[in-house]
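Only one chain is given next, in structure tokens, and it is the form predicted alone.
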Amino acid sequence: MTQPTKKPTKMNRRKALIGLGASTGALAAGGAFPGAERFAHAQSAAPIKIGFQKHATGIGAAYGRWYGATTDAAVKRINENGGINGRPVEIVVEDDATDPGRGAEVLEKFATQHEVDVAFGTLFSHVVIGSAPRAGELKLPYFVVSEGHHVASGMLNRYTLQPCITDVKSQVISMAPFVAENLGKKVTMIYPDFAFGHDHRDFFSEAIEAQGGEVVAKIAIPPTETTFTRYFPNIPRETEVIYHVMVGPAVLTFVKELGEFFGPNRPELFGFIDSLEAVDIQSPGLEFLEGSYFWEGMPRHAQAGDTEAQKAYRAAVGCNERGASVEDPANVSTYAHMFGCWETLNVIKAGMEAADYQGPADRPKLIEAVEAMSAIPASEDHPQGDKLFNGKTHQVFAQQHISKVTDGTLVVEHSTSIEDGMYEDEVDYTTQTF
């Protein structure tokens, strides 16, 4: 493994945005293939096959359901606009059961049985960490839609990229100043006891200390836990802010029990929306969340200033203004995360078109084309907003949003800049061989 380097990532954002055309101009090329003849001029009629490693079962199932819906919507749009290099895109789905061992097996199946061009879609960090080494061995490009710091840390390999969703380290250093300035400086953290939670624990502790604050307690909870009340007496009395980030099918139980434990006399609450992904914020028992704050990667509830691209994306994935299914309002989405699937598929498209990708022999060219990307401007391909991709670390940087629960609605109160979340490089994957 390449040893981490300490090179400051200082980029002029305006120059980077201007330079996007040289690296990702293909993002806007989707409309070049009209009507029923849109695939007629491709060098091959065979589809581009993308293996979707889906959390269809296990603790990530709610995310898997909506990652799947978003993927389907993105591929429909790509194919209606000519596919990739004039070839249709086909998604091959395998369930990894949100299990790292099964994740590696799924990649093996993609490569040897389905013969996919690339693999895509994984969220849960322990599954990414368990799967990425096999992707490297198989020389299978692996585009993950996770949030752990594992990619940018140098832990993985050149075949693993995270081009459209920010990592926890970037998120927390962006938001720690808001927490310290507006909510309090004595923080108790509640987080899941696996890699994703450990990233929160480590990076937020550093970030809040840099703001003159401190973490007075760190409470790790097994991700398969179903009841939480027994953990809450460990919250010190001097706590001013409870920082919570939970995942899995029991998140509604977690937030309800937190409210029952504190009643009206709670500390300030700063949560990652992970604690309420796929959960209606107006569910009975969640009234205590009024006035509390949540991180969101992309705001679940429609905002007054939403762009036309954001509105088009919301309609395409089948969500109403509260981020629930148009067909079934009880089916609440994982809106703060699932945009990463839509956007990553568009990066794969852009990379393949820049590399003139024809088949597996061109995988190194595809990775190099993505590594050459820098600024990714907001568009219908990238509705979440402007981004800056670091080809050396394979990690993207973007805005973060802090929303306040106001009359039962998540209203964005503060948005960070891209630069707020940038940090020094810890690896240069481009120095690794294929």
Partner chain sequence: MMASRKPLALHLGILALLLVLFFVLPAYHVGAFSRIMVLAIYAMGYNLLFGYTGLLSLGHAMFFAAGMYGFGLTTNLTGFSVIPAFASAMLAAGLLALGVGYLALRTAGVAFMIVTLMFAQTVYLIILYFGTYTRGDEGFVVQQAQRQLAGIDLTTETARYFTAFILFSVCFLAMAKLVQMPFGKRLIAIRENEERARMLGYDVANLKLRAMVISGVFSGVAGASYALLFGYVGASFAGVQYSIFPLLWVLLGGAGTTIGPLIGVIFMFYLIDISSGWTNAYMLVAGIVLVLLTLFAPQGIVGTLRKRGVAWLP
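Definition used throughout: the rigid core is the maximal C-alpha set that superposes within 1.5 Å between two forms. Positions refer to the first chain, counted from 1. Because the structure is predicted, anything quoted here is derived from the model rather than measured.
Only in words, not in the display: the form predicted in complex with the partner chain, which the text now covers.
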Candidate stretches 77-85, 293-301, 132-140, 354-362, one within 4.5 Å of the partner chain in the model of the complex by heavy atom: 132-140
Close approach of Glu90 to the partner chain in the model of the complex, 4.5 Å, heavy atom: no
Contact flag, Met155 vs the partner chain in the model of the complex, heavy atom cut 4.5 Å: yes
Contact label in the model of the complex: Gly101 to the partner chain, heavy atom within 4.5 Å: yes
Close approach of Phe196 to the partner chain in the model of the complex, 4.5 Å, heavy atom: yes
Output flag, Pro177, Asn320 and Gln399 jointly within 4.5 Å of the partner chain in the model of the complex, heavy atom basis: no
In the model of the complex, the one of Glu240, Glu108, Asp306, Asp72 near the partner chain [non-hydrogen atom within 4.5 angstroms]: Glu108
Per-residue C-alpha change between the shown form and the other one, Asp280, threshold 2 Å, rigid core fit: no
CA of Pro192, rigid core aligned, shift of 2 Å or more between the shown form and the other one: yes
